[in-house]
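There is one chain below, alone, in structure tokens, taken in the form predicted on its own.
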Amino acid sequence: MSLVQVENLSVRYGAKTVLSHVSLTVEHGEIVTIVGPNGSGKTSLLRSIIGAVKPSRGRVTQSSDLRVGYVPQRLHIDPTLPMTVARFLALPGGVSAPHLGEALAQAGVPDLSGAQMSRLSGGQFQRVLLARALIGKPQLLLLDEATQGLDQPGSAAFYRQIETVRRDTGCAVLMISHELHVVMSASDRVICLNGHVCCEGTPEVVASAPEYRALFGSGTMGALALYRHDHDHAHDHDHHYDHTEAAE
């Protein structure tokens, strides 16, 4: 059985229809990316999957006892509040130190447990949110534009970490993003959304589809090829990655 199955989903806010007849599945261990222009219904789809939005038509089915981890776009923490990363991850309590350490290591920031949340860089902060999502050992990891505000190298590094998480834990990943070439290249399957599913397939298939090019142009193919080339060599220099600065 699929981890998540969305069947003929429609979502309305008042008189406005934001999603119409959307169907998709997320299978065990795969990375699925949803792309689309602003206002295309990406976040509404994600919120429908987690049960925060009630569809006006259709249904969402999850496998039994599905464990879900969620990484939001952003999270505001009062900068005057003294709170270490370990304390933040332990909220609301009941998480052991070894589990915290394991989650931070999986997120690529194993040495941050004693750092103050208010002093983290943008990239470090998102890695900590990723670690928090991983504490519950999710079968499905949801990311809602989780690299918003990071520069391109920081985003690329973050999505390489997502690939590592999938490889090491076997969890499936469903993410939405505006960073087309970076996020698509990290995906097994891409769904192009614009109120409905415009096209779906591998990154190369979607980037070549007329419906995709009508929305985003043809520049992504070149960027995708370039990222693929860079990505093949990523592990050669990943050990030089400075978590303090390069994640910014």
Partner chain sequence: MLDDFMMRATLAGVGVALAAAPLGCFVVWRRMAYFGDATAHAAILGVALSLALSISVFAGAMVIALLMALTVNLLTGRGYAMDTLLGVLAHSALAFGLVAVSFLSGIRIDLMAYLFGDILAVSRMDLAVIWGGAALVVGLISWRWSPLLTATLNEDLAHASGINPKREQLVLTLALAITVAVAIKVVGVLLIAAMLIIPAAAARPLSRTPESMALVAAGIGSVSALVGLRAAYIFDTPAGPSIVCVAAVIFAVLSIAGSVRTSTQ
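Here, rigid core means the biggest group of C-alpha atoms that superpose within 1.5 Å across both forms. Not measured: the values here are computed from a predicted model. Positions refer to the first chain, counted from 1.
Below: the form predicted in complex with its partner chain, not depicted.
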> Which residue among 164, 121, 84, 152 has a heavy atom within 4.5 angstroms of its partner chain in the predicted bound form?
Replying inline: 84
> Just one of 213, 47, 57, 28 has a heavy atom within 4.5 angstroms of its partner chain in the predicted bound form, so which one?
Replying inline: 47
> Should residue 51 be counted as a contact of its partner chain in the predicted bound form, where contact means heavy atoms within 4.5 Å?
Replying inline: yes
> Does residue 74 reach its partner chain in the predicted bound form if we count a contact as any heavy atom within 4.5 Å?
Replying inline: yes
> residue 116 near its partner chain in the predicted bound form, any heavy atom under 4.5 Å?
Replying inline: yes
> Does its partner chain get within 4.5 angstroms of any non-hydrogen atom of residue 79 in the predicted bound form?
Replying inline: yes
>> Looking at heavy atoms inside 4.5 Å, which stretch does its partner chain contact in the predicted bound form, given the options 190 to 198, 30 to 38, 64 to 72, 205 to 213?
In response: 64 to 72
>> At 4.5 Å, heavy atom to heavy atom, what parts of 84 to 113 sit next to its partner chain in the predicted bound form? List them in sequence order, or say none.
In response: 84, 87, 88, 91, 92
>> Does residue 90 shift between this form and the one not shown by 2 angstroms or more at the C-alpha, the core having been superposed?
In response: yes
>> With both forms fitted on the core, check whether the Cα of residue 119 differs by 2 Å or more between this form and the one not shown.
In response: yes
> By the 2 angstroms cut-off, has the C-alpha of residue 170 moved between this form and the one not shown once the rigid core is superposed?
Replying inline: no
